[in-house]
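Below you'll find only one chain, the form predicted alone, shown as structure tokens.
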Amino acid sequence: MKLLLVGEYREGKLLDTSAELSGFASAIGADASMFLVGSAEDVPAFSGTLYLADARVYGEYNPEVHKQLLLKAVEEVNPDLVVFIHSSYGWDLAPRVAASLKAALVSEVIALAGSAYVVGCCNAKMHRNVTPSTSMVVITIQAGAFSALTQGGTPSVKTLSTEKVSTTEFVCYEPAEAKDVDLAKAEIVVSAGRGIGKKENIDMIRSLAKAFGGELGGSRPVVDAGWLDHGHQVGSTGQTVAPKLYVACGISGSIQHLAGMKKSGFILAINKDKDAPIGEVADVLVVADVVKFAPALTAKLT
């Protein structure tokens, strides 16, 4: 199987998600090339062929032009699979490319199941396996779903160009609206999950966060239930955090949540299920009822 991985370049920098694309290629056991509209001075640590177009000429994003450049790379590689990260770049460009190639599109892949791709459904509360029927397939993978792999080495670069013109002009990146709680700057984040049982127990986790000298976060189910405002949500649809200490209270550890906190320096998880996925990334997993353990820990800290 041959893969064509689609890297991303933003505000003059190669994004480190290229390593996650390499991790996916390793997980699937396939040969991979990469496509990037970026800079020859900032290329991924990648041992394969890199199809490179100059972002100074073609812009950091222009859907029609970037699609045309990518289709040229596809023509040269003839891959079985074109792989994007499920980002604003990926979810906009991938459908355009799939339509042009008359290829199946599978969005937000979180795992592999043999020849099928596992994707979320029912608001990410269930999973389903998707097996495309076309010979070429375009997919986007959920950030954080596959372990990053830095290959090392220098890619063999092939330069791409196009005379394609577009009425679309890239102007600038606009920062997101300021949030009530900026968890991204917090050194300690204590997050509540569905395992805390009920809304009234949020104050218990808030007290623990205060005892640690940190900020209060939450998982998506807690926010969806109205127990916390969206500004507290950690995950791929919330805030991405990288504190020195992350405390997960009653959080099972969905892929979407892990994507938002996997770069934390030290992860302490409290969960009564010893097999909860959060345990796979936690430095310490306390197997206990968070409703009983959290107040006891708070008392020890104060």
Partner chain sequence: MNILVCIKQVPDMESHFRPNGTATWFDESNLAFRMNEYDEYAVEEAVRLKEQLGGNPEITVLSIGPDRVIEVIKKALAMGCDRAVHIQDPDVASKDSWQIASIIAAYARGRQFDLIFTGMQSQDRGSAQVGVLAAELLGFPSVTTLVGFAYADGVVTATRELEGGVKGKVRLRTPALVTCQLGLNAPRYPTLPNIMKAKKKEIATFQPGELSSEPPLTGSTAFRHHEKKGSGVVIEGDIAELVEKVIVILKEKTAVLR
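Numbering follows the first chain given and starts at 1. Note that the coordinates shown come from a computational prediction; the quantities given were computed from them, not determined experimentally. In this text, rigid core is short for the largest set of C-alphas that superpose within 1.5 Å between two forms.
Absent from the display: the form predicted together with the partner chain. The rest refers to it.
For the candidate set Lys72, Arg96, Lys164, Lys199, a heavy atom within 4.5 Å of the partner chain in the predicted complex is found for exactly one residue, namely Arg96. With the partner omitted from this view, the residue of Ala242, Ile28, Ala45, Leu268 that lies near the partner chain in the predicted complex is Leu268 [heavy atom within 4.5 Å]. When contacts are judged by a 4.5 Å heavy atom cut-off, Lys263 does not count as touching the partner chain in the predicted complex.
Proximity of Lys292 to the partner chain in the predicted complex: non-hydrogen atoms within 4.5 Å are present.
Contact check for Asp54: no non-hydrogen atom falls within 4.5 Å of the partner chain in the predicted complex. At least one heavy atom of Pro277 is located within 4.5 Å of the partner chain in the predicted complex.
The single residue of 198 to 214 lying near the partner chain in the predicted complex is Phe212, the criterion being any heavy atom within 4.5 Å. When the rigid core is held fixed, the Cα atom of Val290 travels 2 angstroms or more between the shown form and the other one.
Once the rigid core is used as the reference frame, the Cα position of Ala27 differs between the shown form and the other one by less than 2 Å. Superposition on the rigid core between the shown form and the other one places the CA atom of Leu14 less than 2 Å from its counterpart.
Figure legend: C-alpha atoms of Ser252 and Ser88, shown here, are separated by at least 3 angstroms less in the predicted complex.
Between Ser22 and Ser254, the Cα distance is greater in the predicted complex than in this structure, by no less than 3 angstroms.
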